[in-house]
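A single chain comes next, written as structure tokens; it is the form predicted alone.
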């Protein structure tokens, strides 16, 4: 389902000589959503809270993992072109949200992209460059408007045989939102969720100080960051060309596919980071904005209240949405912050 590896390096950056009194923390990493997921909880009853989070994430994964043949999503895909399938309410709402992002991005984000993902298999066991004919044939099956919702019966119908939804660009965000909600219900006031690059900061880190998140430098190995973002009760999601890729005939092919062309996006972007209170929103927009490109992508972000973005292009230029402000501090002088007006 989701094989994207961690794209954001979490860094602890404390002012020199500043001694903060912090409650003890407990951290655990498990494989969920086909990726290592790490939960860090501060305070008492941390182990109980972490147990609850991973139990809930495994439950969601069993429903929404398109690569698990026993999942509800797989059942839905198997019934494509034949009959509607009754689905759990939460899956219905996630699909509904995915289709809404299909509309607002004009198809740049498309949950019906499954046939293309399977054809390229980037990040899988047999990645390859498909022929133009293969891509053309599969493109006919990629259209979020052919995913029909029967709200009164809570059923979903994929109109044509061979269609396949893939919630890899949104389900992990839903999982992070649900985990944060669960932690709040348990009474956890400070925690950090890292679901394979979907970061959710629950509360503040200590003494009302924000979490400080390092944004991965897309030109360097993981663990190298281009700047630091300060957040609390917020999600940060990054999509980048360096996350999953393969090379063939001297060319690199990354995993972010353009639903309109069937090929990896080639618009000069290297990474897109979205900051939002909803991880599901950040997840979907990280892909949608990447596909749309700098000008249209930033315009879309500006249309959302409480959503911000940091875009990095192939020339080491940073494009920031208007509300990022002082929360983001570049830390690598090889990058240049560009006035957004110059992109219009």
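Since the structure is predicted, the reported quantities are computational estimates derived from the model, not experimental observations. Residue numbers count along the first chain shown, from 1.
Keep in mind that the form predicted together with a small molecule is missing from the display, and what follows is about it.
Candidate site formed by 169, 244 and 255: every one of these residues places a non-hydrogen atom within 4.5 angstroms of the small molecule in the predicted complex. In the predicted complex, the small molecule lies within 4.5 Å of some heavy atom of residue 291. For the chain shown alone, residue 108 is a contact residue for the small molecule in the predicted complex, at least one non-hydrogen atom being within 4.5 angstroms. Residue 281 falls outside the set of residues with a heavy atom inside 4.5 Å of the small molecule in the predicted complex. Although the partner is absent here, residue 193 lies well away from the small molecule in the predicted complex, with no heavy atom inside 4.5 Å. Listed stretches are 51-59, 296-304, 311-319, 283-291; the contact stretch with the small molecule in the predicted complex is 283-291, by a heavy atom cutoff of 4.5 Å. With the partner removed from view, the residue among 269, 202, 94, 117 that has a non-hydrogen atom within 4.5 Å of the small molecule in the predicted complex turns out to be 117.
When you look in the predicted complex, the only residue of 226, 113, 87, 188 with a non-hydrogen atom within 4.5 Å of the small molecule is 113.
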